[in-house]
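What follows is a single chain, given as structure tokens, in the form predicted alone.
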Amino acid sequence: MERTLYERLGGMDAITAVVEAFRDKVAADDRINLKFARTDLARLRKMLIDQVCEATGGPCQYKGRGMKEAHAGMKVTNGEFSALVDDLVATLKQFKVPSREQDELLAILGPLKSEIVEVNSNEVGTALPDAFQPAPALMT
């Protein structure tokens, strides 16, 4: 039987390392980092790890909000979504993730675009609207 994408990616340690590098790359990317200005990065890290782990067949359970709800009112543009995907692909390449696994992961995440993008524009670096309310910080 073929191994799950989760196993082929290297399991929890590998997913955690990729998510942390991806988070740092996004935070440094002026095309999109304004959208994360009020995001609790510890929460984002945990939610991304759980989401990728579950989506790839791992043992995690994602308990965060749906993508539409989580991004409502952020006014994310097509350009910003594309920049985020660019950062993800660059991170996967940095970790030498094989093309097949990259493609499978992007195929899982790609359909989320319609739930995240609210502005049909190629503009990047747009500010987070003042009215946007981020999720509360994680209670530890």
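Note that this is a predicted model, so its numbers are computed, not measured. Residue numbers run from 1 along the displayed sequence.
Just so it is clear, the following notes concern the form predicted in complex with ligand HEM, a form of the same protein that is not shown.
Shown alone here, A70 lies within 4.5 Å of ligand HEM in the predicted complex, counting heavy atoms only. Under a 4.5 angstroms non-hydrogen atom cutoff, ligand HEM in the predicted complex has Q51 among its neighbouring residues. The closest heavy atom approach of L109 to ligand HEM in the predicted complex falls within 4.5 Å.
Shown alone here, L44 lies within 4.5 Å of ligand HEM in the predicted complex, counting heavy atoms only.
Using a 4.5 angstroms heavy atom cutoff to ligand HEM in the predicted complex, all of Y62, R65 and L84 count as contacting. In the predicted complex, M74, V76, E80, F81, L84 are the residues of 72-98 with at least one heavy atom within 4.5 Å of ligand HEM, listed from first to last.
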